[in-house]
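Quick setup: one chain, the form predicted on its own, written in structure tokens, and binding and motion questions come after.
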Amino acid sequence: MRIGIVGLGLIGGSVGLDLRQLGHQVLGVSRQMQTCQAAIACGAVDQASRDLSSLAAAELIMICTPLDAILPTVKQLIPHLKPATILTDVGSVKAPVVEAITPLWPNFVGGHPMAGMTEAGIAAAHLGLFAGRPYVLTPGETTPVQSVERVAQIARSLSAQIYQCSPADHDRAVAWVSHLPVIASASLIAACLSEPDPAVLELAQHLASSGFRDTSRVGGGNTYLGRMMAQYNRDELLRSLQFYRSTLDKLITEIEQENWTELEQHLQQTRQARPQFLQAVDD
């Protein structure tokens, strides 16, 4: 199959590596010629160009750009596409993307492979990034069933776990487990920086170990992507943050009132619940 990839960063590059190993012909597009050359050199694509018209012969095109570039990319692509060409994306927010693109290109299948790393760019791309990871498809009511199945076949070939839901349900779910953690993690770092005694702050920085590293990781990630997920999933993120604030208030009250029994029960409940959120990691 001839597959196009727009955006040759971590996700686009990793998709390309897997697809080429599976025997597909992969055509890449990036804004930077240096990235195009790197993608060819590492084997992520067969050909790469800065020109979207180079994807005219592709049967399926994966848009692996940041959220704010997806719609402009589709608009620029449309003049070069055949009616049967399938478009899909990898954005972490789905409702605004699906709502904006479906009227322009009915053969669009919203997608979100939930895999990533702290590192970014084509240099971080590697085989097997999506193996065992969730890959969510969010077709609209009018999306052709055969197009959804074609994208699902590609996702399955990456050894990903396929889930299908509405764009709205996707956005509410990822607000809890992906977008809220970014903001909560960033607030943890910011709270630590508020320590007024420079000597204590320096000591804390030296003493920080695995617990702080694990809970602060996503808060120290790509700031532009963090802004995009908050901007595009604003309502659901705010909803989850308000529930999170309410939960923190309850914990604060328990500690202020020295209600250690209730605090321990609370921690016991979260300890028991945590594995239910890590099935995709452990499976």
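Owing to the predicted nature of the structure, the values given are computational and were not obtained by experimental measurement. We number the residues from 1 along the sequence you see.
Although it is not shown, the form predicted together with a small molecule is what the next lines describe.
Self-check item: Among 252 to 260, 238 to 246, 53 to 61, 31 to 39, the region lying within 4.5 Å of the small molecule in the predicted complex by heavy atom distance
Solution: Of the options, only 31 to 39 has residues within 4.5 Å of the partner.
Quiz item: Can you pick the one in 90, 148, 180, 95 that has a heavy atom within 4.5 Å of the small molecule in the predicted complex?
Solution: Contact residue from the list: 90.
Exercise. Answer for residue 67 alone: is it within 4.5 Å of the small molecule in the predicted complex, judged on heavy atom distances?
Key: Yes, residue 67 sits close enough to the small molecule in the predicted complex that at least one of its heavy atoms falls within 4.5 Å.
Quiz item: With the cut-off set at 4.5 Å between non-hydrogen atoms, does residue 223 touch the small molecule in the predicted complex?
Solution: Residue 223: no contact with the small molecule in the predicted complex.
Practice problem: Flag residue 168 as yes or no: does it have a non-hydrogen atom within 4.5 angstroms of any non-hydrogen atom of the small molecule in the predicted complex? | Solution: Because no heavy atom of residue 168 falls inside 4.5 Å of the small molecule in the predicted complex, the answer is no.
Quiz prompt | residue 7: touches the small molecule in the predicted complex, heavy atom cutoff 4.5 angstroms | solution = Residue 7: contacts the small molecule in the predicted complex.
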